[in-house]
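The form predicted alone is given below as one chain in structure tokens.
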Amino acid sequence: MRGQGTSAALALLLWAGTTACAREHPQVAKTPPSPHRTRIVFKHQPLWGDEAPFRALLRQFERTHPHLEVVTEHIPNAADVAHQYFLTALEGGASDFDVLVVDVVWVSEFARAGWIADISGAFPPETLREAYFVGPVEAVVVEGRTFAVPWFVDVGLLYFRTDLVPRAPRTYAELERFATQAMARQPGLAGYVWQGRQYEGLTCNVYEAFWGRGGETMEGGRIALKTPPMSQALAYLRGLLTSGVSPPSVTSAAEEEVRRTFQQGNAVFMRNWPYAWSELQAPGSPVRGRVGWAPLPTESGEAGAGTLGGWQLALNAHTPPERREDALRLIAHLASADANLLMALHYARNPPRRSVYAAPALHDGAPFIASLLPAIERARPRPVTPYYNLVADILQSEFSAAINGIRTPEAAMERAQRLVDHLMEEAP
């Protein structure tokens, strides 16, 4: 999907009066401020593809706000490294940037720490609920107040080889049966590849299997871990490995490892994020034209819920008062429906606004993204807590122990429940 064309009307609107800009790099020297304009600094990851359309979007904002100069500065693509960068900068009171991107699982943490500002006045929660999907709003509204605005969303999907299976599996039993049959016909194939390394990708896979068995993330304000659906989810993932449906390499794999395995034609099924679609269908891809996607399977056969991912736009709480209103105007511009459409067409970023999925330009220029609407509507967040990164360390360790057979699912979840409960009780 990267680099897809946009409609002529949108292209003319965003390119009028602009020139192409050279790609920025994270280590590039900072641009000296203009002596006649207020400088607003936006921190974000580098975008895939040609940055010129995004630059045009920023120049459009500057033309309607001639007193402002928008400067972008890159942060690392890796979420854990970016988190550490912001933790260090914001805890230290950095005020040299104004708008920042925040992972879906960071908002509550950053809000509680006082690192990002309450922006409910500019973006009331009820207004967000009218325009955006439920999942992204749950992630940015903390205790009834807005601390960020959704920029783009992600959701877990199931990819399958259309030449190897009759259709997408609806249940876990069908997935295993279809995979086993294809493996028998073509020795050397892996049946199902997914993210099993001890990191956040494993957490996403476990929660998807948990929800697929009717599990509820929270019970009475408590993160629910010691439950039958969670033990069943871990037993299922462990069983994929012991039965040979999933190869042992899954336990050390992240998104790109499984994407390469699947794209090389060496697997029947793959769990991954929407970004993989454009790679699978790219010219020269061994599986181009032989891949389909579907919602994740469930125990009952109903369409499964993928884990909610994505990034939000937040205001640095340390931004001086004289820059705050202008920084909020930039957030509104970047989060507008037109900007959502541009990000989808040029950078394969999935819009968080419902209305964008009805745009003819999206259906014409990015039909795959347009087709994701039902999956995004079903997407569910991981536990929403200001202590998520501490909780995640526990979850990743115990989930990994269960799928690797170090502990039984029941023992791992009893231990995880005890540790998470203690953490939440002791948290200030």
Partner chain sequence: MTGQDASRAERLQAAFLVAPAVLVLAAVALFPILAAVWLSLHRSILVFGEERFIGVENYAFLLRDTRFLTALGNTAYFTLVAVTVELLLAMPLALLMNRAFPGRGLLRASVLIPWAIPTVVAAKLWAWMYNPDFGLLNQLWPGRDVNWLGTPGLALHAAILVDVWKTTPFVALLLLAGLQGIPQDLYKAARVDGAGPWRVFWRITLPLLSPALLIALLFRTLDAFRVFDAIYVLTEGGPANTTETLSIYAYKTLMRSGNFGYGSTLSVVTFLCVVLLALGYLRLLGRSGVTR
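Positions refer to the first chain, counted from 1. The structure displayed is predicted, hence computed values, not measured ones.
Heads up, the form predicted in complex with the partner chain isn't pictured, but that's what we're talking about next.
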Partner-proximal stretch of 133 to 141, 206 to 214, 291 to 299, 82 to 90 relative to the partner chain in the model of the complex, 4.5 angstroms, heavy atom
82 to 90
Among Asp326, Glu257, Glu174, Glu279, which has any heavy atom within 4.5 Å of the partner chain in the model of the complex?
Glu257
Just one of Tyr357, Trp115, Phe123, Trp311 has a heavy atom within 4.5 angstroms of the partner chain in the model of the complex, so which one?
Trp115
Every residue of Ser249, Ser397 and Arg415 near the partner chain in the model of the complex, heavy atom within 4.5 Å
yes
Is there a heavy atom of Ala411 no more than 4.5 Å from a heavy atom of the partner chain in the model of the complex?
no
Can you check whether Arg197 is within 4.5 Å of the partner chain in the model of the complex, heavy atom basis?
yes
Partner contact for Thr261 in the model of the complex: the partner chain, 4.5 angstroms, heavy atom
yes
Hey, in the model of the complex, does Leu68 get a heavy atom within 4.5 angstroms of the partner chain?
no
So which residues in 386 to 403, when you check the partner chain in the model of the complex, have a heavy atom no farther than 4.5 Å from it?
Pro386, Tyr387, Asn389, Leu390, Asp393, Gln396, Ser397, Ser400, Ala401
